[in-house]
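Same chain, two versions here, written out as structure tokens and called structure 1 and structure 2.
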Structure 1
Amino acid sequence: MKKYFSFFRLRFTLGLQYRVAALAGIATQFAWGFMEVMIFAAFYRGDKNAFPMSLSATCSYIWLGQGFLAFFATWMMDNEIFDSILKGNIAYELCRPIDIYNIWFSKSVAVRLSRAMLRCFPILLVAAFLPDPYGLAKPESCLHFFLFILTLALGLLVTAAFCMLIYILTFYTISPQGLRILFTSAADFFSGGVIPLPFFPEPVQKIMELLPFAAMQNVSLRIYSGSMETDEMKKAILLQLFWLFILIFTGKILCRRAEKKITVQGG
């Protein structure tokens, strides 16, 4: 545990060193959030009744999405891991007495956590002071805030487990590039990264909510502003746990098979 904490600290310090990069990143994400908010506000002006959730809840969704971008963006993958697979350095890692799935998984989580910690506070703080309904609203209630934190953590783990599948499938494919493109753009769309899931037509939304992608950012960002009923929340959290289990389970099995393949073929 101490090992992971010091790794996290190192990443965080590294992030701080590049202060201009951090500031530029924050500015970019802020601009992105702002433009998104303007788009939804324009649609809201056009037809208030067609809006599936309140404008304020939509804006909170957008700002939280920007604040925790590093948690949920599947395209932010660890190139070190890809390189170690493609260039064969993985052979060294296999020599060490550690479980490769666990070490990569915790590394991915640590990287995402440190990135988000560096960027989320300034973004969320500014967003909180924007005039209502365009800014980040207060959470619906204490309970909602608690559930938000819980589902945020679950969502992070699901995202990391999903990315693990992409890393591991690299072993099995001749074209990791194509696989990566396909998976990340599907994840971006189905997780509610392009538009929040409630904005999809009802039948489409029903199916999308069952997919593993909906267990990423969708749940926590919607729970925060109370746009989910109690039953929906229960179901969503159970689905998060279910997908987390399935993703890790498949990942571990595929990882073990890949390890065998490498040891047999000699890398």
Structure 2
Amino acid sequence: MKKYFSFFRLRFTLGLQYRVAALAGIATQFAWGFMEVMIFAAFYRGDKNAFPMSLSATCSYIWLGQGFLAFFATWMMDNEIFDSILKGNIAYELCRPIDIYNIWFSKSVAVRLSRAMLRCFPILLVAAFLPDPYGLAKPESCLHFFLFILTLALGLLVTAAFCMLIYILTFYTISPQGLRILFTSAADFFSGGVIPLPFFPEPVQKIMELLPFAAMQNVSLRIYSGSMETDEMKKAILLQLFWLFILIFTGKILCRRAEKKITVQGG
């Protein structure tokens, strides 16, 4: 376990060095965040009572989503892992006394965490000073903030475990492009990355909340904005834990099977 933590710390420290890329990302996320806020504000001018969340809660959801985009964006994947599978460099990994799944999982979490650390503070700081209701509001209570931090961490782990499935399924394909487009598009839509889940019709929302995608960003952002009742929060956290176990368990099984069937051609 110590070697995986050491690798995690190494990758996290390395990720903090990409400050210019972080600045470019911050500018992009500010632009995208302001655009989303203006779009929703335009809809709310019609009939505020027609929406399941207040405009303030929706704006907080948007800014938190932008601040922690690196946690939940499934399209932010590691091309080094794909290259190691496609080009045969995976052979070097198999020669080392490590578990491939664990080392890749540690790397994925470290990279996402380092990216978020560089980007979230400037975005959330500016959003907190925007006029109400267009900025980042305070959490509903100390309990909501604590559960937000807890579910945020669980959402990060669920996202990393989900992306691990895409890496591992690459063993069974010629090119990962189709898998990446299919899985990332589904994750963005069903996780609430495009439209918050409460805005969907209630029958559809109930189904979407049971899927693993909802365990990514939907839970933590809605808890912070106060759009979840106590019973809903308990159920959502249990679902996060359930999907985290299922995704890791499935990923490890597929990874072990793939390791036994790997064929590396060339000298």
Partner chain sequence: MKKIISDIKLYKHYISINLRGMMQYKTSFFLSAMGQFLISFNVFLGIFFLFQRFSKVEGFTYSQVLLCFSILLLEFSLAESFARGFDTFSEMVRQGEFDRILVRPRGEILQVLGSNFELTRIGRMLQALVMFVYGVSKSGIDWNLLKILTVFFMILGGTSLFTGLFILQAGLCFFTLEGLEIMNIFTDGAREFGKYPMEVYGRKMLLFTTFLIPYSLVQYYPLLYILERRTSPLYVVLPLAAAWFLFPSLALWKLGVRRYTSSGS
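All residue numbers here follow the sequence of structure 1, with the first residue given the number 1. In this text, rigid core is short for the largest set of C-alphas that superpose within 1.5 Å between two forms. These numbers come from a predicted model, not from an experiment.
Could you point me to the form predicted on its own, 1 or 2?
Form predicted on its own: structure 2.
Once everything's superposed on the core, is F245 shifted 2 Å or more at the Cα between structures 1 and 2?
No, F245 moves less than 2 Å.
Taking the rigid core as the frame, does L254 move its C-alpha by 2 Å or more between structures 1 and 2?
No, the C-alpha position differs by under 2 Å between structures 1 and 2.
Give me the C-alpha shift of Q17 between structures 1 and 2, core superposed, in Å.
Residue shift at the C-alpha: 5.0 Å.
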